[in-house]
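In the block that follows, a single chain appears as structure tokens, in the form predicted on its own.
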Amino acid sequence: MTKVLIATDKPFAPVAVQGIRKVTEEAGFELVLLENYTSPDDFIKAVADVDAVIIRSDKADKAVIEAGKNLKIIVRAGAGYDNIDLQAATEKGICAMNTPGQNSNAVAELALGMMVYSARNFYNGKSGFELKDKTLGIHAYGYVGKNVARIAKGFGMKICAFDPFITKEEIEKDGVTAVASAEELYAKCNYISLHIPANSQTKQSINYALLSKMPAPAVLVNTARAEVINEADLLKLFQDRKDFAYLSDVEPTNKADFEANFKGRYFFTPKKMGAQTEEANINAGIAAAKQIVNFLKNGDRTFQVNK
């Protein structure tokens, strides 16, 4: 029987697992669970005899891929897929997929929630300020970026966006101002909401030269990946500009420097929380299961990321 493994050190919500089970078992597949595991070796052992794997933030590295003797497809339940070794998967003829759009509203709500939290001085009782009429720049206008724009409109924010892969017409049909470059975006906006992937072109790309263009007061909101930030440059900017704040859904490696020197100017979630809602759990998990069924039964590669 075809086996589908859910490997999650941060488990799906029970209702999401129920939905995944329904999809897989109706297709005649067996569902296997590996939850709250404590060692990569547990994942390596569990993948040995399965045909498909669903992961969240778990690392499907070369060791995992090589251990999957029957493995045909890996689906990351979420948008980012830098936790899959795409080269190793391609070399073994394994299809790697993500589930774009399924977590987008959850991530967008977190981004705006962190902005409100910061604007109100982390609810410490002191006077803060409003988001209304502030200028928000959205760096990458994909599923999450579109939802950030939709929610930010409700706050009365002025919204700009830059995405080299999306036309000006597509951006501006949403009532968002399209700009021609990242440099222009940062120079125009008090707030920047980051939604770029972590790849060879973007890692370390959010640097001093770019961030220093932002007008005061400036707030960088990162619900993307830690790797896109040049952390040394960000720290230097904090030292040079007292108006700058950083809100992130992932802790920087130099978190201790922020804690020691910049109290009240940053907020980091204790673990990545963008997709940590029941709705996002359900949406992404069930989408992953449906994609596996469609791939194994019909050869559907719509969301393949290692083409």
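Since we're looking at a predicted model, the values are computed, not measured. Numbering starts at 1 and runs along the sequence shown.
The following text describes the form predicted together with a small molecule, which does not appear among the structures shown.
**Message:** Contact with the small molecule in the model of the complex for residue 10, defined as at least one heavy atom pair within 4.5 Å: yes or no?
**Reply:** Yes, residue 10 sits close enough to the small molecule in the model of the complex that at least one of its heavy atoms falls within 4.5 Å.
**Prompt:** Might residue 195 be said to contact the small molecule in the model of the complex, defining contact as any heavy atom within 4.5 Å?
**Reply:** So residue 195 does not count as contacting the small molecule.
**Asked** residue 272 near the small molecule in the model of the complex, any heavy atom under 4.5 Å?
**Response** Within the cut-off, so yes.
**Message:** Taking the small molecule as it sits in the model of the complex, is residue 76 near enough to touch it, meaning that at least one heavy atom pair lies within 4.5 angstroms?
**Reply:** Residue 76 belongs to the contact set for the small molecule.
**Sole residue of 239, 254, 57, 70 within 4.5 Å of the small molecule in the model of the complex, by heavy atom** = By the 4.5 Å criterion, the partner-contacting residue is 57.
**Prompt:** Out of 188, 150, 225, 134, which one falls within 4.5 Å of the small molecule in the model of the complex, going by heavy atoms?
**Reply:** Only one option qualifies, and that one is 225.
**Asked** Okay, which stretch from 118-126, 79-87, 213-221, 172-180 lines the small molecule in the model of the complex, with non-hydrogen atoms inside 4.5 Å?
**Response** Flagged stretch: 79-87.
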